[in-house]
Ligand SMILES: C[S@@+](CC[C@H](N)C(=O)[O-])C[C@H]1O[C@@H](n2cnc3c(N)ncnc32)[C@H](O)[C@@H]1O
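The data below hold one chain only, encoded as structure tokens and taken in the form predicted alone.
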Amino acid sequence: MPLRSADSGKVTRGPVHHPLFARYYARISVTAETRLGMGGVRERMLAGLSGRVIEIGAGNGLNFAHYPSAVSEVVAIEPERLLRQLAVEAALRSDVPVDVVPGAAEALPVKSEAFDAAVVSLVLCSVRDVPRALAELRRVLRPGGTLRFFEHGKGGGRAMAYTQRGLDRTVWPRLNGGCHLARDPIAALRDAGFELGPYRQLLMPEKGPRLPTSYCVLGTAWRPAS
């Protein structure tokens, strides 16, 4: 499959297409930047990164504006066609070089040990095979490379856990681009062999009712150096 860069302004079609969800997500994610404080979360997630970075599931490219100047290049993988086109447009406005390409998290179209850092932001909930996707991330990171993550997953008490699992078994993934509510990103990272650094749990929104999507975690992990 040929890959087109953000510089060309053209996008190659990929196998993932959720047009209704993509339009909905593009609207609510922009609103969440200020109303839910997502812009600040992205800033904290990406602070201090440098070198070559791969971002998995870049969506409509809202992270691009927050990459620090020490980042020499971002390769942004996004499988959904509409979101990828929006990411291309965001990449053209970015202060750091961003190349937006199609691809799946489970089979990244890049060389092994080619990146100093990786970013996953609200994406592990929707990949089809989490262990395989994380194995791919380990493959493309250099030894000692950094993984920054912001993910939602299981949380709350027994009633919320029951609600999350019930929604996962029924309508939620179909209506939300394959998203799952009851996954455990921290356990998945441990199982994939990443060394966990500091991380903290967040509620989104911080105030107000607790939603099935409210239970988030923000942090850092590393590919072991040996």
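One-based numbering along the sequence shown. Remember, predicted model here, so these are calculated numbers, not experimental data.
What follows is about the form predicted in complex with the named molecule, which we do not show.
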Counting only non-hydrogen atoms and a 4.5 Å threshold, tell me whether 146, 192 and 220 all contact the named molecule in the predicted bound form.
no
Is residue 53 part of the interface with the named molecule in the predicted bound form - any heavy atom within 4.5 Å?
no
Spell out, yes or no, whether the shortest heavy atom distance between residue 80 and the named molecule in the predicted bound form is within 4.5 Å.
yes
How about residue 181: is it within 4.5 Å of the named molecule in the predicted bound form, going by heavy atoms?
no
Against the named molecule in the predicted bound form, would residue 25 count as a contact residue? Criterion: heavy atoms within 4.5 Å.
yes
Identify, from the list 122, 117, 140, 91, the residue with a heavy atom within 4.5 Å of the named molecule in the predicted bound form.
122
Testing 126 to 134, 109 to 117, 92 to 100, 67 to 75 against the named molecule in the predicted bound form with a 4.5 Å heavy atom criterion leaves exactly one stretch, namely 126 to 134
